[in-house]
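Only one chain is given next, in structure tokens, and it is the form predicted on its own.
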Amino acid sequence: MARILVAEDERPINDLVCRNLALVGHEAVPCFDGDEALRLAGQERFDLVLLDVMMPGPTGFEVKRRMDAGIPVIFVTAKDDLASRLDGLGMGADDYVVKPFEILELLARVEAVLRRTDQHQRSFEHQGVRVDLATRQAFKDGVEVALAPKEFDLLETLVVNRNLALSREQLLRLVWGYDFEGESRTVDMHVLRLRKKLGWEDVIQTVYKVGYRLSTRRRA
């Protein structure tokens, strides 16, 4: 999907972010200080940079000032005061995420920025099914599959977060919204319909005591 530079000096956080970006299909390149971030951003092509503010060497703010202005940036930082947020967004950052964060929230922010900057994946193909995210259409063996709006919303959420286990509560929040008053059974029924319509009984997997995962990995 996208090539993303992860500039974060705390290795456990860097590893967590890179691992989850890779799971959903991105290429994540880690770095651990401001000088390395500037060097990599100047020498290689990236669709997005995730920048910690407080790093060894130049701060994330300084890195942003000295980078090519055309590279999208999301600040990921523990600096949660209003002045820092305004500084970061004021210098042209595309988003500002405060630690600690939920990894699904960060992935959603990444997807939103990639969409706005036209760097996101427009289609996804797996086992005879093609999902066109731009036109909100799904095709099986070249034939369009009729999906209700919420069925496609759920499919898109599973595709964007593929290979990640998503709880029913997370899916309700991501697809139906924070104020949805229905039950988790709603998710089960929509998953059942998607599996049947797409022939993805083994692709949309049930994760025991958690929820569901759209898996692109071959089972051993």
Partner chain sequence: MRSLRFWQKAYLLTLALFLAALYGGVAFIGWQNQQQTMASEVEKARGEQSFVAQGLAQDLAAVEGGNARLQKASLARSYGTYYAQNGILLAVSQNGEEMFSNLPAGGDAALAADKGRQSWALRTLDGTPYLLVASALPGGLDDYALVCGRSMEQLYATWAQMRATLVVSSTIVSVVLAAGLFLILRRLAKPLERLAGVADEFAAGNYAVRAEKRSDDEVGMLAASLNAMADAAERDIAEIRRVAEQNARMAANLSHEIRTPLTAIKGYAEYLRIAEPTDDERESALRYMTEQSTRLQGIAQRILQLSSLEHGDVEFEPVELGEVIDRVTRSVQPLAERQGVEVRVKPFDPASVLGDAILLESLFTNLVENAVRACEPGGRVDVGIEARGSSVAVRVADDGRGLAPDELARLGEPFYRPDKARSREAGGAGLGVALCNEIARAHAAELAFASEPGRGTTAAVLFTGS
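Numbering follows the first chain given and starts at 1. Source: prediction; values computed, not measured.
Separately, the form predicted in complex with its partner chain exists; it is not shown, and the next lines address it.
- This chain appears without its partner; in the predicted complex, the one residue of 187, 164, 159, 67 with a heavy atom within 4.5 Å of its partner chain is 164.
- Checked against its partner chain in the predicted complex, the residues 40, 29, 54, 192 give one hit for a heavy atom within 4.5 Å, which is 54.
- Taking the partner from elsewhere, residue 101 is found to have a heavy atom lying within 4.5 Å of its partner chain in the predicted complex.
- Heavy atoms of residue 196 never reach within 4.5 Å of its partner chain in the predicted complex, leaving it off the interface.
- Contact between residue 23 and its partner chain in the predicted complex is found at the 4.5 Å heavy atom cutoff.
- Mapping the unseen interface onto this chain, residue 108 falls outside it, with no heavy atom inside 4.5 Å of its partner chain in the predicted complex.
- The candidate site formed by 45, 132 and 137 is entirely out of contact with its partner chain in the predicted complex, as no residue has a non-hydrogen atom within 4.5 angstroms of it.
- Exactly one of the stretches 87-95, 122-130, 139-147, 73-81 approaches its partner chain in the predicted complex with heavy atoms within 4.5 Å, and it is 73-81.
- Residues 13, 15, 16, 19, 20, 23 of 13-29 are found to place at least one heavy atom within 4.5 Å of its partner chain in the predicted complex.
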